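There is one chain below, alone, in structure tokens, taken in the form predicted on its own.
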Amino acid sequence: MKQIVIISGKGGTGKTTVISALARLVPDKVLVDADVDAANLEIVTSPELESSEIYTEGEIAVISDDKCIRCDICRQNCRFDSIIVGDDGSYSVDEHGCEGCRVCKLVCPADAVEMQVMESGFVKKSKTPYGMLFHGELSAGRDNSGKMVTYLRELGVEEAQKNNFDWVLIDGAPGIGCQVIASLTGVDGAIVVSEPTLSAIHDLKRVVELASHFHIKIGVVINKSDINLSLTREIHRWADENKMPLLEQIPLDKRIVNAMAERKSPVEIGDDALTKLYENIWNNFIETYFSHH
């Protein structure tokens, strides 16, 4: 069983469009949406929710008004400025600013501070026509979602192993932050989707540098490849120089946009030539790195 993540250096390059096509083309797999800040793979996979559990992560401080002696020591020692003094002199904690460091609890002479487990969102398991989907929903204002991504991936791997499936396909978050690192750690390969724009090329190089740090097998897809042919050629040159396979390039096609708006993937348009491009992405990647599989 192999884990393959589809990532992009920046948002809007077409990463979810690519994985929505692969979800229909690749057999014997489990899907994981690791972009928990803005999970949208469910939009194009028609999921039927099977289970949902509250996800807890970290702690926040809570001050007991009955025990608090208004000494102000907690506020003076909070490096995150999360202790709020009310008009009536009462003390409370800004839950969105609190990092759960426990300093206020340690310095409080009245033992008025307790640490409470924080609900960070929901972890969901859904059945789709294309395989089981594990996806998360991060509550507004919550961060440190890398742990949720790791948990979702663990659930996906367990499901794949239970069913003796070959693949776990992961829809990674854009960028190079915590979620992306959690999406990349320990995977077997990464398909990086870019587009021929200056910002996308810049971010492509950053995310490839990150993936290379983890010694991950990488392939590149150029989406909307005909919007700037000179920059498309630049990505070609860069991929060649770095001995990185260019898996396929997908032209800008309004039918793809319309299909996604109708919650369909590009391979459901019914154009054999277009479907072949997405098949090439997968086949070229597997033949390059996993031909023994």
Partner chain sequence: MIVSVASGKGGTGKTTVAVSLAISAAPIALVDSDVEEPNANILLRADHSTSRKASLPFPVIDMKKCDFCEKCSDFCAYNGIVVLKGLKVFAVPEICKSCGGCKIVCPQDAISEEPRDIGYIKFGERLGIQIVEGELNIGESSSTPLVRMLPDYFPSGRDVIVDCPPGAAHPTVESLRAADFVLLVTEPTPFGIHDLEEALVITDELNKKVGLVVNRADIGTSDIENLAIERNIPILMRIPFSTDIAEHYSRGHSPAEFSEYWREQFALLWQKIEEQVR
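Residue numbers count along the first chain shown, from 1. Here the structure is a predicted model, which is why all the values come from computation and not from measurement. What we label the rigid core is the largest C-alpha set whose atoms superpose within 1.5 Å from one form to the other.
Note that the form predicted in complex with the partner chain isn't included here; everything after this is about it.
Only one listed stretch (126-134, 215-223, 149-157, 78-86) carries heavy atoms within 4.5 Å of the partner chain in the model of the complex, and that stretch is 78-86. Although the partner is absent here, residue 94 sits close enough that one of its heavy atoms falls within 4.5 Å of the partner chain in the model of the complex. In the model of the complex, residue 233 stays away from the partner chain, with no heavy atom inside 4.5 Å.
Though the partner is left out of this view, residue 163 does not reach within 4.5 Å of the partner chain in the model of the complex, counting heavy atoms only. At the 4.5 Å threshold, heavy atoms of residue 10 reach the partner chain in the model of the complex. For the marked spot (44, 138 and 263), a heavy atom within 4.5 Å of the partner chain in the model of the complex is present in each of the three residues.
The partner is absent here, but in the model of the complex a heavy atom of 40, alone among 64, 40, 242, 56, sits within 4.5 Å of the partner chain. The partner is absent here; in the model of the complex, the one residue of 257, 69, 49, 246 having a heavy atom within 4.5 Å of the partner chain is 257. Contacts with the partner chain in the model of the complex, taken as any heavy atom within 4.5 Å, map within 91-114 to 94, 96, 97, 99, 100, 101, 102, 103, 106, 107. Relative to the superposed rigid core, residue 117 undergoes a CA displacement smaller than 2 Å between this form and the one not shown.
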